[in-house]
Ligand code: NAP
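Next up: just one chain, as structure tokens, the form predicted on its own.
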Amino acid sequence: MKITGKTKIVGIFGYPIEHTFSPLMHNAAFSTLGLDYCYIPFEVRPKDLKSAVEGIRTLNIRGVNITVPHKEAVIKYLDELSEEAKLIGAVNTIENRDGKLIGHNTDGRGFIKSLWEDAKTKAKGKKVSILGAGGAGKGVAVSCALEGASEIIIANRTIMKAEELVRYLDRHFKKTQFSAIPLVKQQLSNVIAESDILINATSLGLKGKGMLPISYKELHKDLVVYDLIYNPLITPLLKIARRAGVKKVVNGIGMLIHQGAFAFEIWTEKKPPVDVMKKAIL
């Protein structure tokens, strides 16, 4: 990759950031299409988020992805939000449009596309359990509700945050039933047994660290287990699911690729080479 004075910079803000695969797929896509872009990871601590966002304008960065733990906190530093980002209440992509910073959310669309492509499953009419009420959890919950899920249960370590999200979802989606539970083993067992889809939207399992309060005994074979984490490819949850004989076990690579492809299109106004992006990661 040749960097010149004309090269457009894009990247990702997160903390930690060492685990990200995004530079691999985006830089491969830029190279394939012959676009003079370069994608760079930026480690941004929460206390430095405001100044980092201001730097997008100052350095004329074309745009950035936003990952843990900044997806909600970043909103107050932006000039405008897309309708999807407003509805989800979280941002994973920023577009610098002539100095105006616009927040988008491509997580939900990326998840839904991956759920169908990788698990041949749709959320419509399904009972969905989502672990985590943060930015990723919100995006997935909104997308599943938009797809017509019959019931969505939000489990979170801080029950008040889950209840807050449920109240929000109740106001916007009248055809889906919502409920909140604490992220503890006793509460999860019965819920998982009755669920069609189980989604981990927490950071537990990132880099193989941390365990969800779930054992293989709680998982049934017809359950779809989807972990938004993609590093490692086989997370602790997915190991448990495989041990339980679950037929459809999916990591976050597909969602990563598709949410990235949507962001790529926002920044470049060109259709992304999705196969190239996937190959670069796998």
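Numbering starts at 1 and runs along the sequence shown. Please read these numbers as outputs of a predicted model, since none were measured by experiment.
The same protein also exists as the form predicted in complex with this ligand; that form is not shown, yet it is the one meant from here on.
Colleague: Considering non-hydrogen atoms and a 4.5 Å limit, does this ligand approach A85 in the predicted complex?
Modeller: Contact check for A85: no, nothing within 4.5 Å of this ligand in the predicted complex.
Colleague: Could you confirm whether I181 comes within 4.5 Å of this ligand in the predicted complex, counting heavy atoms only?
Modeller: Outside the cut-off, so no.
Colleague: My question is simply whether I229 lines the interface with this ligand in the predicted complex - judged by any non-hydrogen atom within 4.5 Å.
Modeller: So I229 counts as contacting this ligand.
Colleague: Taking this ligand as it sits in the predicted complex, is G134 in contact with it (heavy atom to heavy atom, 4.5 Å or less)?
Modeller: Judged by the heavy-atom cut-off of 4.5 Å, G134 is in contact with this ligand in the predicted complex.
Colleague: Which among 202-210, 168-176, 142-150, 188-196 is in contact with this ligand in the predicted complex, heavy atoms within 4.5 angstroms?
Modeller: So the stretch in question is 202-210.
Colleague: Each of P23, N27 and I102 within 4.5 Å of this ligand in the predicted complex, by any heavy atom, yes or no?
Modeller: No, none of the three is in contact.
Colleague: Does any residue in 153-168 get within 4.5 Å of this ligand in the predicted complex, counting heavy atoms only, and if so which ones?
Modeller: The stretch 153-168, when checked against this ligand in the predicted complex, contributes N156, R157, T158, K161 at the 4.5 Å heavy-atom cut-off.
Colleague: Looking in the predicted complex, are the Cα atoms of T158 and K209 closer together or farther apart than here, the change being 3 Å or more?
Modeller: Here the pair is farther apart than in the predicted complex; there, closer.
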